[in-house]
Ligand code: NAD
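Take a look at this one chain, the form predicted on its own, written out in structure tokens.
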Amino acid sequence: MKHYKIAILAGDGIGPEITQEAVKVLKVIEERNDVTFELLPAAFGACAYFESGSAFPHQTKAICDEADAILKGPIGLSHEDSKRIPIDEQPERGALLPLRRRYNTYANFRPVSLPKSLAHFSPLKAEVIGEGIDLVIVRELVGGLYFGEKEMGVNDAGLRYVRETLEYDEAQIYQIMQQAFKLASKRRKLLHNIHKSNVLKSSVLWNEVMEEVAKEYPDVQVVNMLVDAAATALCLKPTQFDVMVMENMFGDILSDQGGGILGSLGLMPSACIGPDKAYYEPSHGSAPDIAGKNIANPYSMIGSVAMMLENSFDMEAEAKNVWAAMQGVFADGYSTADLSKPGSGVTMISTVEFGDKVVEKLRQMPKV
């Protein structure tokens, strides 16, 4: 029997609620397979800061070091509540970026998937969605502006200023391009390279390295597209895309737009892969305004479990079953209040009930 250790970082806001539903699914996976999961809960984010004075405490780091994979819930507070935490300890700076840096999780995979049967969630017209949206955004995750040198101060003229550095080297670009081309070669053999080379020299280098890697994958068609044009195209014709690769900030923005065309970031899980370890998380925030109300949909958290099963534990078939179970609950006409409005023709259920229905469907599926 295989045994894996999973660090469980429930996070802030709705994080504990949706993490609870993901853990239910892990328990059923154990029932259905020759595998055990040792769950290692740890504080992370704003909750950790208020408990210990650190958003990413030493104890949590030790647990993550020990784990085979990390399942992370959303972190963060409202804008006003964030002011209660020193700038450098606020969850994104004090926890999330250090987590990425610690494990060099340079490759972020964010599937933007909406089957035709779930098209009613999207604000896009039915003719735009067509037979469904199915693309993956591959985002470089440990370089660029977010990780460059930062400086704030007052200049000689007495004006407050800020300086942030956008930096990439060819090795960083090469490794994310390898991931993107490998994925594209397994799918439709189509890769959109998203850049801003008409303005940014970082994109000029990005494109040069992309062209070098492209020679290793002659069967993959490359389409170059400026990031602003890509933002428009995602709304007007998302079905033209299959795999999209881009640098850190572009990926942050366009993947959130991907959630928009689906109808909610609540439908977007993600995988953050490094050379030795990976963590899995929803792409959305902690939604403090609905925390504790039992209305947040756990789709993105359970979907992150599915991505973990496939990428960290080599359980691709069971991962597909998890996806099918979740989509089956939607197809049966159920949804949660954060995704649908009364009168939309669906039966409203709670966070817990959605998780229960996913587990019920998963138990009914043939064992793999």
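All residue numbers are counted from 1 along the displayed sequence. It should be emphasised that the depicted structure is a prediction, and the values quoted were computed from it without experimental measurement.
There is another form of this protein, the form predicted together with nicotinamide-adenine-dinucleotide (NAD), and it is not shown here; the text below is about that form.
Q: Which one, 251, 266, 258, 144, lies within 4.5 Å of nicotinamide-adenine-dinucleotide (NAD) in the predicted bound form by heavy atoms?
A: Exactly one residue meets the criterion: 266.
Q: Since exactly one of 111, 274, 94, 76 fits, which has a heavy atom within 4.5 Å of nicotinamide-adenine-dinucleotide (NAD) in the predicted bound form?
A: Among 111, 274, 94, 76, a heavy atom within 4.5 Å of nicotinamide-adenine-dinucleotide (NAD) in the predicted bound form occurs only for 76.
Q: Please tell me whether the candidate spot formed by 140, 203 and 208 is one where all three residues come within 4.5 Å of nicotinamide-adenine-dinucleotide (NAD) in the predicted bound form (heavy atoms).
A: Judged in the predicted bound form, none of 140, 203 and 208 sits within 4.5 Å of nicotinamide-adenine-dinucleotide (NAD).
Q: Can you pick the stretch from 291 to 299, 208 to 216, 125 to 133, 176 to 184 whose heavy atoms fall within 4.5 Å of nicotinamide-adenine-dinucleotide (NAD) in the predicted bound form?
A: Flagged stretch: 291 to 299.
Q: Any of the heavy atoms of residue 9 lying within 4.5 Å of nicotinamide-adenine-dinucleotide (NAD) in the predicted bound form?
A: Residue 9: no, not in contact with nicotinamide-adenine-dinucleotide (NAD) in the predicted bound form.
Q: Even though the partner isn't displayed, in the predicted bound form is residue 192 close enough to nicotinamide-adenine-dinucleotide (NAD), meaning a heavy atom within 4.5 Å?
A: Result no; residue 192 lies far from nicotinamide-adenine-dinucleotide (NAD) in the predicted bound form.
Q: Residue-level contact is defined here as any heavy atom of the residue lying within 4.5 Å of nicotinamide-adenine-dinucleotide (NAD) in the predicted bound form; does residue 247 satisfy this criterion?
A: Residue-level check for residue 247: no, no contact with nicotinamide-adenine-dinucleotide (NAD).
Q: For residue 278, is any heavy atom within 4.5 Å of nicotinamide-adenine-dinucleotide (NAD) in the predicted bound form, or not?
A: So residue 278 does not count as contacting nicotinamide-adenine-dinucleotide (NAD).
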